[in-house]
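Only one chain is included here, represented as structure tokens and corresponding to the form predicted on its own.
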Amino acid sequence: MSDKVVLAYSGGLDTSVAIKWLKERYDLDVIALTVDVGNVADLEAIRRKALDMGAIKALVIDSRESFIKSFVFPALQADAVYEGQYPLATALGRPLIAQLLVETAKKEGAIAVAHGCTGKGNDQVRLDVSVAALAPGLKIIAPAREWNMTREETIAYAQSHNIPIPITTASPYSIDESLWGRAIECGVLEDPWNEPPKDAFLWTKSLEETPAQPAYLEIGFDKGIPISLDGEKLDGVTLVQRIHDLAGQHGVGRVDHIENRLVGIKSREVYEAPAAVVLLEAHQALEDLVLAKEQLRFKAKVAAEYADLTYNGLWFTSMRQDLAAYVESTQRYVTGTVRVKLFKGNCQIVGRKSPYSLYDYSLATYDKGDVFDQSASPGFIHIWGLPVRTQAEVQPEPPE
């Protein structure tokens, strides 16, 4: 009896080819593991396909709740957005998949785990490093990194082995989907001058097709976690899905990004992330209301570091745990409601309220009821400007 390997199986091109290749190259029996992190149309069809391709077992795990609760919402609390544009949908799913690969390998007595990542992408790092952090002695195989086939050659291999694939050379998009976002790569998108064609998008309508009237949402938060939509309390998966559907109808959530990959190359990345865009905007708007200026400034630095760690595959590290502890502390008073307007591809914050708001109307208003003591301003300005005046007197600027 052959040894076993657990393959992270999506049903796409590379992992479908990998089932056959792993048996040919390593003489390993393949256990296909499909992790449901949302927005996968037919999981049973994917499971059957894995068995048809030669897997000895095909497992499907519904991890949507765990994905949202343990990965997405902590990143939302951190305001983690890579390079200011990418909400980290795929990057957040990979440590969860790695965790389940390790657990399944231990349960099934497998000697190795495998994935379909290439040697040019970020996901190989995320999965390999996460597996190493959780099970340092477990062997990792990356067929697409080893076989060194072009995409066209991989398609040809699949066709020669009667492996059904969801793409062709005429429509060669590589897709990754989860509740938090959809990544679209390859094909015409590899030229950053090309506008993404209409068929690249699935979740978001073009501006020409969006409704003529805006939609409004009221999102309730408790300690930085979204808990309600328009006054109705919802579990995380349902809340994200509902925002996803409505925001996509209004064309919200498209990202076209020249991204700096961990492996040192620039890549043109196209994403659809309707729920992520809306919830990140809403969460930051609520933080603006309840966090002090110094907290906001320092948290922005933490957010960038948190995003980089996540993007770079370092989720299961002490550094991320340390940052997460700080983030959790900042969320103690991030409770309240944010009103959002969705219209023609835009997500606009139009209202926010919180029992812990630091906004004081009596201090901010210029009308009746103003309690700000303006007579204190001259003395404050004198002290504040003292070092400026001192330096200007002693070190006058040279004439130009």
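From 1 onward, residues are counted along the sequence shown. Being a predicted model, the structure only gives us computed values, none of them experimental.
Same protein, other form: the form predicted together with a small molecule, not shown, and the subject of what follows.
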Check your understanding: For this chain shown on its own, do 218, 287 and 347 all sit within 4.5 Å of the small molecule in the predicted complex, going by heavy atoms?
Key -> no
Exercise for review: Would you mind picking the one in 90, 330, 130, 210 that has a heavy atom within 4.5 Å of the small molecule in the predicted complex?
Suggested key: 90
**Study point:** Option touching the small molecule, based on a heavy atom within 4.5 Å in the predicted complex, out of 204, 122, 99, 77
**Key:** 122
Check your understanding: Using heavy atoms and a 4.5 Å limit, would one call residue 272 a contact residue for the small molecule in the predicted complex?
Key -> no
Check your understanding: So in the predicted complex, does any heavy atom of residue 174 sit within 4.5 Å of the small molecule?
Key -> yes
Exercise for review: May I ask you to state whether residue 244 is within 4.5 Å of the small molecule in the predicted complex, using heavy atom distances?
Suggested key: no
Check your understanding: Hey, in the predicted complex, does residue 305 get a heavy atom within 4.5 angstroms of the small molecule?
Key -> no
**Study point:** Listed range touching the small molecule, judged in the predicted complex by heavy atoms within 4.5 Å, from 193 to 201, 176 to 184, 288 to 296, 139 to 147
**Key:** 176 to 184
